[in-house]
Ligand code: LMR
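Coming up is one lone chain in structure tokens, specifically the form predicted alone.
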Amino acid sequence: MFEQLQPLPTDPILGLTRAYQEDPNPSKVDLGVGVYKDEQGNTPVLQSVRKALEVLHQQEMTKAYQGMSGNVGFNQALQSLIFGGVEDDRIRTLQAPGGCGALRLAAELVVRSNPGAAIWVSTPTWANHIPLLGNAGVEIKEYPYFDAATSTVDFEAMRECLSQVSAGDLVLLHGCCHNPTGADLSDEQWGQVANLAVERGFVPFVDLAYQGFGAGIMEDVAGLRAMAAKVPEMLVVSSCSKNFGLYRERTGALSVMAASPSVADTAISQLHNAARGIYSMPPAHGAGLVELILTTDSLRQMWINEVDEMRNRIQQLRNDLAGALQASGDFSFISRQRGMFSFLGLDEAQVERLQKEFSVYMVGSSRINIAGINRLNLDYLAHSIAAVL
């Protein structure tokens, strides 16, 4: 049977990681993989997570299944972190295996709710959005988002396109720290998109993967919360991979805001059924850690301080890189963008030269992970980029 299969190409980022690992150059720089790294190039375990691990070890009394909703305390704490402390009986939250699992569940819900609906994604968007959503059978459409000439959001083109979106379709928005461009909507622009959603009848679908890495934990959901106050329906996918450093724990959630509490209950029942047919039960460990951190005052403050530290380090690296490249052109946009990613604006030939001649690894679009930079490789990176411009 399997002899009929044809080999598929390696995922570009995974292939990049393998090439980096095999490169003997001691000056090599990895700007491809999208994980946070510290000054030593490590992806650390947060101290708040270490403390929560100690508590969880003492408190955990069973390894029985959690149920298809997952950890109820985690769901409530994460929902409050996203939407605020105001109770809204139209919102239900379900734990999922990472943000990826939550995205796939959301797509399954869309197919069951409105099989003819399309999901509109930004151009560009995170590469895995399209297979995660499209493989569920949802039609994927694109709206313009990024102006490469100015390295900013092309909001006029975006607004013009969204003003034509059909009622019942969904529009995928990056909650903050747009991946891969780093160019975010302003609070005012969030308000305009919310008004369009009400006017046109499309459903906002927010992917919140980097809360705290943009302007701050609360600041990064200001637009989302303003939108939730206006629209009747909304989907929010959240991930704890970045801001809690729980990449390998696959800890995420899907929040559904419906027009009424009864409709929200129905949606959750459908999600339970969909989850049962895909993975059945979500893993417990990461969600237990997040619940402890968000519901324990001392751990929550420790976590907030750590997120602030990571965000401030990323912003300083942005400023430093923009300054180091000043003689090579105007890269000031790097300082104005947010989160871990930016486009450098290089063409594929220049990206290839960086890899072959300087062992600097980034994806072909010239998207870089800012957190892959440190004080030891910054000057070498700036010199390498200057050499290929």
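Start at 1 with the first residue shown and count on from there. Please read these numbers as outputs of a predicted model, since none were measured by experiment.
What comes next is about the form predicted in complex with the named molecule, which does not appear here.
Between the options 243, 93, 179, 238, the residue in contact with the named molecule in the model of the complex by a heavy atom within 4.5 angstroms is 179. Exactly one listed residue, out of 56, 322, 68, 33, brings a non-hydrogen atom to within 4.5 Å of the named molecule in the model of the complex: 33.
For the chain shown alone, residue 83 is not a contact residue for the named molecule in the model of the complex, no non-hydrogen atom being within 4.5 angstroms. Proximity of residue 279 to the named molecule in the model of the complex: non-hydrogen atoms within 4.5 Å are absent; the residue sits far from the partner.
In the model of the complex, the named molecule sits within 4.5 Å of a heavy atom belonging to residue 126. Among heavy atoms of residue 19, none comes within 4.5 Å of the named molecule in the model of the complex. Only one segment in the set 33 to 41, 47 to 55, 349 to 357, 327 to 335 has residues whose heavy atoms sit within 4.5 Å of the named molecule in the model of the complex; it is 33 to 41. Interface residues of 318 to 346, taken as those with a heavy atom within 4.5 Å of the named molecule in the model of the complex (partner not displayed), are limited to 341.
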